[in-house]
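As C-alpha cells, one chain now follows by itself in the form predicted alone.
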Amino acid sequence: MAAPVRRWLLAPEESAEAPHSKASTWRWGVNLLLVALGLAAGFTFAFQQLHYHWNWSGPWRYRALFWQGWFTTVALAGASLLVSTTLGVGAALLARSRLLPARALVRLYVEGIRGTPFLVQILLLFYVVAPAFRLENRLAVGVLALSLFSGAYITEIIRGGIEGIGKSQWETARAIGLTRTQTYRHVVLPQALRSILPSLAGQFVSLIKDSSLLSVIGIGEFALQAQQVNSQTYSTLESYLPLALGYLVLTLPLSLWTRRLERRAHFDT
C-alpha cells in the first residue's frame, strides 16, 4: 500500500480513537464520508431491486403526529435519563454498603429487572402496581417503568466501575484521612467514571430506543404515532424511515457527547 494511501486510511498505532489534530480530523472525516457513501449506494441498490413506488404525500399529511410523538419521546427519555441515573448511582452505593438488607434489596432489584422482559414489567406496573397506588398518569407510569428498567443496568455498570478501582486507592485515601464519602467523591468516582462512560453511553442510547415499548400502554410516543400513520396511509417505509431518522437525531448527539466526555476524562496511567 502506497504511503499517501496508508496515511489516509490507517490510524496511528498508539490510538484507535477519534483524532485530535486538524490533519487527522480531515482524514477521519474523509473516511467517514467514504463509508457513508458506500452504505448509501448499497441501500439505493437494494431499494431499486424492490421496484418500490414511494408515496410521501400520505405520511406528509400526518406530519403533526410525527412531531407530537417525537417530542413525547424526548420528554420521556429526558426524564427517564435523570431518574434512572440517580437510581443507578444510589443503588450501586447501597450494593457496597455494610447493611446486608440493603445489599439484598439491590441484588433482588437488579436480578429481577434484568431477568424479566421489559414488556412484562410495563404491563405489571401499569395494570397492577399503578392502580394500587392511584397512579393514573400514563406518562408518569412510563417514566417510572423506563427508569426502573434502565436503572438496574446502570447500577451494575457503576458498581463494576467502582469495584474496578484498585485496593491501593482506597488504602491511600484512608491513610491521608479522607472519610468514606470524600473517598467516593474525590478518588473513586472520578476514576470509575472514565471506565464506565462507554457502557453508560450504550445504556442511555438503549433507554431512548426502549421507550418505543411504552406504546403498549397507550402512550403516544414516536413509534406509536408512526404505526398510526402507517395504518392510515399504508405507506410502510415512508412511515418508518422518519421513525429511524428521529431516533438517530436523539441518539447520535448523546453518543458524540459521551465520546467527548471520554476524551476530557482520559489521562495516562
Partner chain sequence: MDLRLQSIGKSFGGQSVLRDVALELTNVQALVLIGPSGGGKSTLLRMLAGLEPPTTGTVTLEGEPLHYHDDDALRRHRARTGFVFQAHNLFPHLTATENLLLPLVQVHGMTQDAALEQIDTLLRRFHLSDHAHKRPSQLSGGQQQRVAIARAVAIRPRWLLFDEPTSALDPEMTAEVLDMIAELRAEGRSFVLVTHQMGFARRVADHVAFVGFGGIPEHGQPADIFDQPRTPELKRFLHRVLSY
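Numbering follows the first chain given and starts at 1. Note that the structure is predicted; figures quoted are calculated from it, not measured.
Beyond what is shown, the protein has a form predicted in complex with the partner chain; the following relates to that form.
Using a 4.5 Å cutoff between non-hydrogen atoms, residue 112 does not count as a contact of the partner chain in the model of the complex.
Looking at residue 101, you'd find every heavy atom of it more than 4.5 angstroms from the partner chain in the model of the complex. Among residues of the shown chain, residue 194 is one whose heavy atoms approach the partner chain to within 4.5 Å in the model of the complex.
Although the partner is absent here, residue 162 sits far enough away that none of its heavy atoms falls within 4.5 Å of the partner chain in the model of the complex. Judged by heavy atoms within 4.5 Å of the partner chain in the model of the complex, the contact stretch among the candidates 133-141, 80-88, 172-180, 195-203 is 172-180. This chain is displayed alone, yet in the model of the complex one of 74, 187, 148, 94 has a heavy atom within 4.5 Å of the partner chain; that residue is 187.
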